[in-house]
Every structure is written in structure tokens, then in C-alpha cells.
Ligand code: HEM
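First comes one chain, alone, set out as C-alpha cells in the form predicted alone.
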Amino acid sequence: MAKKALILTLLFLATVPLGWYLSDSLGILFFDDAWWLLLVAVGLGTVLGIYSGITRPRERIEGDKVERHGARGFLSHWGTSVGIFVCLGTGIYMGFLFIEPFMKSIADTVLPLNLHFTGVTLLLFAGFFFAFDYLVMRDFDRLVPNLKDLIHGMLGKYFLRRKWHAETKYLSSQKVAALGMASIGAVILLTGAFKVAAHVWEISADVWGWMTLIHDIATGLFILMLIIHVILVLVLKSHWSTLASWVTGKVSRDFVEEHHPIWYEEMTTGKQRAYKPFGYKEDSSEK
């Protein structure tokens, strides 16, 4: 599994020098002349995501190990991660909220804009792959939090230090964070679509200006959530095993049984709990 994670990550990272090379050799602005590649990325990610969701095998316990992530998980996670950091880096470089642009002339904007386009393309492909893989599986309890996830699994567990064991494959706190980041990401995607459209159709300066401001504010909030997410993962020892699984693909059986009892129950019994957005009746696993 570690080899798959490394190979996919290197492939995604290779898109950056590839975008750099094409920017220099072609001498075009991708957002003007190759905007259709964004639609290709969305379409390809959607088709592969649907196929992945249909053909995905059931997770299983193998001896003392549990496969937490396979090649599909690595693709969506490392693809979106590389895309996000490329977009953030180039976006800040070109000027972000109160940060002045680092370019000295308009001509200097071509390369960072093309690299930003490269990051957006990768992000759209991996993001839509993940979204449709998830939707086809219809396993909504995995990532969509309910009220008890928010009240007991996040606020109660981390702020009031109360025990909470009704955890699925992803912790309640991870689901709440994922929903927040996805919501902000949707705003970034929508406003970014308006900014891309301005390269194809005529859009008023006022609309473009407002879209840029909202885009930057949402990005700032996303950066804040990302920083908090990384800090919590590194500081909380209980998260270290799941962090390592993004490279190895596996966690120990004992870890899953202790920290993800509902997921463990689903794998051992072969029965999946029904998702209830407003919570479900407490049982022994929640006490």
C-alpha cells in the first residue's frame, strides 16, 4: 500500500513541473486557451468515481490489520491535497486579501496563473472522483455528521472531555471538519467558476470584483480550518495511527475496535448501520 501511495503522490506532484514546462513551451494562458480541460477533469473524475463506487470491494479485517485506505482513497486524498496546496501557494503568490502580489509586471502573472490552473485541474479531477465514489456507495454515515456527532463527538469529547465511542470509519470530529471544509470549498468552487468564466465570456468588473473578494475570504477561512486540522492531527496521539494509514493504507485491528467501534461492528457482522441525520437512539456503544 505504501508503494501505491508514493506512486500516486509522485504522479500528482509531477503535474506541477509539467504545467511549468507547458506554460513555457506553449506560451499561452491556460485559463484563456485551455479552459475546456477543467470540464474534462470534472467529467473524467465523475466517470471514474462512479466506476469506483460500483466496483469498490467491502472493507475487511485481515488478521491483526484492517485496510483503511486502498488505491482509490490514495487517489482522492493525495490528488486533492496536492491540488489544494498548489492552488493556495500560487493564489497567495499572485496576491491574496491583504497580501500584495509578488509579481513585478503583468507578464510575470502567466506562469503562476498557469500553475494555478494546473492545481485547479488536479483538484477538480480528484475532488469529483471522491464525490461520486462516495455518492454511489451511499454510505452517508461515513462523512456526513449528525447532531450527536457535533454535540457529543466533537464538543463533548474534545472540550468537555467526555467519553464518546459511537465512531464510524471517520471520527465524529473529522466528519464535522469535513462538512465545514466541503461547504467552504463549495463557495471557493462557485466563485472560482465565475472567475474562469470571465476568461471566456464578458463579465462586468463589479461581478468579477465581488467574486474575487468572496473567493479570497472563503480561501482564508479554508486555510484557517486546514491549519487547525493539521495541528490537531499532529498533537493528538490518538490520531497518529490514522495519519500513518494515509501512507500504509492499514491500521491495527485493536485500534479499530477501540476507537472506531461502529466501523468494527460493521466489518465483523457484515451489517451496515442506517444513517440518521438527526441522531439515533443511544445504545451500549455510545456510553
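Since this is a predicted model, take the numbers as computed values, not measurements. Start at 1 and count along the sequence shown; that's the residue number.
The next section is about a form of this same protein that is not shown, the form predicted together with the ligand.
Does each of T46, I54 and R138 have at least one heavy atom within 4.5 Å of the ligand in the predicted bound form?
No, the candidate spot makes no contact with the ligand.
Which residue, F96, W210, Y158, Y134, has a heavy atom that falls within 4.5 Å of the ligand in the predicted bound form?
Of the candidates F96, W210, Y158, Y134, F96 is the one lying within 4.5 Å of the ligand in the predicted bound form.
Could you check which residue among V110, M181, I203, L150 gets a heavy atom within 4.5 Å of the ligand in the predicted bound form?
Selected option: M181.
Hey, in the predicted bound form, does W164 get a heavy atom within 4.5 angstroms of the ligand?
No - in the predicted bound form, heavy atoms of W164 and the ligand never come within 4.5 Å of each other.
Examine F222 and determine whether its closest non-hydrogen atom to the ligand in the predicted bound form is within 4.5 angstroms.
Judged by the heavy-atom cut-off of 4.5 Å, F222 is in contact with the ligand in the predicted bound form.
Does L226 reach the ligand in the predicted bound form if we count a contact as any heavy atom within 4.5 Å?
Flag for L226 set to yes.
Is A126 a contact residue for the ligand in the predicted bound form, using a 4.5 Å heavy atom cut-off?
Contact with the ligand, no.
Pick out the residues of 149 to 188 whose heavy atoms come within 4.5 Å of the ligand in the predicted bound form.
Heavy-atom contacts within 4.5 Å come from Y170, Q174, A178, M181, I188.
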